[in-house]
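We begin with a single chain expressed as structure tokens, specifically the form predicted alone.
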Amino acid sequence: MIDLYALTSPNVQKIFIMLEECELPYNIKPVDVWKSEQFTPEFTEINPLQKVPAIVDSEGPAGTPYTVIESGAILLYLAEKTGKFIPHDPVKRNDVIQWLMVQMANLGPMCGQLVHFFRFAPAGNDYGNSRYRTMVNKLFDLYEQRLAAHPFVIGADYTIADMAAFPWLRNVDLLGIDISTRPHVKAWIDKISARDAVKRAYAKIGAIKSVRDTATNDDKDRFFGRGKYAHA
């Protein structure tokens, strides 16, 4: 059995999708980051980065419990565990890993920074908003070019490279991105959204509750690492 420590962010959504696609049994262990639950000693022991997602697989390597942190590493771990959604052919396998890293090192961080500066930063951060909007638009164009030539990110097959990118690229309303100029990304989003496992994943994500809308200013400061929690 897998324990999934999660809330509802795009990085968490990837893992819900993979678990549902692989039909692996799992328990949801909510960690409300807006209540600072990621900073508890109990969760810090699971993930010293104090971030979700994290998993604890009671049937890990050699049948012993095993903890995995970082969403890209979790996707790779689950792909290795099940033999699903990652090719055996070494070239295609490395294509998947490369595009997984594109998401982890570029798409996720740039989208995350855009959301922060667009939605949460105080007034007077026009430079940050402009910079990250530019970077995100370039990445949407990159995926548009890729998906114009392939039905999925690495070719004909749906893989963890798609699961990694999907929660970020579908988030156009929150990002304030014009999807109408990226028809191949739009078609790919619609295609993945129609998968039964993805529908099940988002039904479970939608049932998770948090105090985000009523979080105290202190909890917000701690979450964002600002105010008295800044280390600058």
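Values in this document were obtained by computation on a predicted structure and should not be read as measured data. When you see a residue number, it is the position in the sequence shown, counting from 1.
FYI, the form predicted in complex with a small molecule isn't displayed, but the following is about it.
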In the predicted bound form, does every one of Val33, Pro53 and Met104 come within 4.5 Å of the small molecule, counting any heavy atom? yes
Tell me which of 121-129, 88-96, 68-76, 140-148 has residues with heavy atoms within 4.5 angstroms of the small molecule in the predicted bound form? 68-76
Does at least one non-hydrogen atom of Asn11 fall within 4.5 angstroms of the small molecule in the predicted bound form? yes
